[in-house]
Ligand code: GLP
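The chain below stands alone and is given as structure tokens, in the form predicted alone.
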């Protein structure tokens, strides 16, 4: 696991975008699973800027949705696919038909998860995983405990996830209690992974991810068993202002 300490969030976003662009340059039709949440938004905006400048081409990439809430309409403002579309797909001119989705309103979530796993396998696995770090160490909605072989599946969100997602949607009570998520099996098998971490509130869970026990109780710590993993964390997350601990 390689660690890059960025000066600030803008620097983190630039470095992450450059890494994503380099992966696509090596394989233009790369299969990429993409997180939503606040942290990767700057990188996605930087990729759109690079594409406008002719320095990036998203024409052939194969995007995969990382996770989705269950039980809300497709056009609900909370739908994570809509967030991905607004932040990544639309700015880069990627048609919906090219995306492997985890449908929020799937009538049979288990069948949708099996179809998603089959699509990942058919793609030969992920060439790149772009992930954020949850407050309890989750990746996607792989809530603790999530073993390394966990498949894509239906999950019940933990209290930590409900609390952390509440501000996005105007209150904890508006957060759906269930979700479906790409499983750890696929995420850990990605040929390259970028874990993006921003803010002082992620400091303790980043410490556990990097240096604590490798355990399903902190799913992100399992990345230390994976192949090519780069953690890009800003100075606040790394405790540059904390004399007791730094990355």
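Residue numbers count along the first chain shown, from 1. Remember, it's a predicted structure, so these values are computed and weren't measured experimentally.
Below: the form predicted in complex with the ligand, not depicted.
Listed residues 35, 58, 206, 32 were compared with the ligand in the model of the complex; 35 is the one with a heavy atom within 4.5 Å. Contact with the ligand in the model of the complex, judged by any heavy atom within 4.5 Å, is made by just one of 62, 202, 191, 185: 202. Of the stretches 111-119, 161-169, 148-156, 98-106, only 161-169 has residues with a heavy atom within 4.5 Å of the ligand in the model of the complex. In the model of the complex, residue 132 approaches the ligand with a heavy atom inside 4.5 Å. The closest non-hydrogen atom of residue 66 lies within 4.5 Å of the ligand in the model of the complex. Contact between residue 126 and the ligand in the model of the complex is not found at the 4.5 Å heavy atom cutoff.
The ligand is not shown here, and in the model of the complex it never comes within 4.5 Å of any heavy atom of residue 88. Of the residues in 140-160, those that come within 4.5 Å of the ligand in the model of the complex through at least one heavy atom are, in sequence order, 140, 141.
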